[in-house]
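Presented as structure tokens, the chain that follows is alone, the form predicted on its own.
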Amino acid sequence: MNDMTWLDYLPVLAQGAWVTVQLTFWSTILGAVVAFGAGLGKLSRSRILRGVCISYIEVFRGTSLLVQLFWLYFALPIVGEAIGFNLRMPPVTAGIVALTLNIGAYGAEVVRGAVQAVTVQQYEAARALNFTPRQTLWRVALPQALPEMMPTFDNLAVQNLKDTALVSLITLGDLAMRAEQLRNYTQDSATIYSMALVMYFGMALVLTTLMRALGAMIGRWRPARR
């Protein structure tokens, strides 16, 4: 008979939620870095760099995150052994890498689209001022493109939070795994999963608030429309 109450479940679920928060934080930050690198790389004049970035984006957008996670955790060490390298990663590292590469591939298309959406007249004005390509990117394109990216990045960040539940399948003790462990022990599915649902919603609400605040701050860079 289960004598545990929701107050007894809370510390265990909170421990898992903290792992989920760390996974979300690091994979979102690193994913943004990858997104900018791959998105701008796709616009590069270098065929090699452009080809590498396009291949990365298409592979990670065109395959399942679950399969990517399993490949990094289970298959990559086998490939490493075959070529004489130790490529085995701890579960938390494999989880962060998989989430980072996945959100980075989707974010790269957001970056590319926003940069390409900057009007031709802006680039022509930069050339008239003798700006180098790097100066044009940093002083003209990105300040106008970043505000356009933020709503989509907000959605990607929340989706990334929800995707962290998949890491429980490689034995990482996130919120989803802790909830499943408690359910197996107590059979109190309704209470445990309701608590997990509320905790995921709370984390998504906080994340959305932070992303919108960041978007409002970046939105001040948007040039005034006449």
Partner chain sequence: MLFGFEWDTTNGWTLAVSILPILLLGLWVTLKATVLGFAIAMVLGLVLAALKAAPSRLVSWPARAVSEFLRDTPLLIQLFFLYYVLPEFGLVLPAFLTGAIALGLQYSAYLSEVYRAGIEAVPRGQTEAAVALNLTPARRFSRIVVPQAIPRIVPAMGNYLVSIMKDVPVLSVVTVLEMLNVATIIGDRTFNYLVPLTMVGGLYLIMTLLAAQGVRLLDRALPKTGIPLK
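In this text, all values refer to a predicted model and were calculated from it rather than measured experimentally. Numbering follows the first chain given and starts at 1.
Below: the form predicted in complex with its partner chain, not depicted.
Only one segment in the set 72 to 80, 118 to 126, 137 to 145, 90 to 98 has residues whose heavy atoms sit within 4.5 Å of its partner chain in the predicted complex; it is 72 to 80. Contact with its partner chain in the predicted complex holds for all three of 59, 180 and 198, each having a heavy atom within 4.5 Å. In the predicted complex, at least one heavy atom of residue 165 sits within 4.5 Å of its partner chain. Looking at residue 204, you'd find a heavy atom of it within 4.5 angstroms of its partner chain in the predicted complex. Mapping the unseen interface onto this chain, residue 26 falls outside it, with no heavy atom inside 4.5 Å of its partner chain in the predicted complex.
Using a 4.5 angstroms limit between non-hydrogen atoms, residue 189 touches its partner chain in the predicted complex. Exactly one listed residue, out of 34, 176, 53, 170, brings a non-hydrogen atom to within 4.5 Å of its partner chain in the predicted complex: 176. Site annotation in the predicted complex: the residue of 43, 30, 158, 49 reaching within 4.5 Å of its partner chain with a heavy atom is 158.
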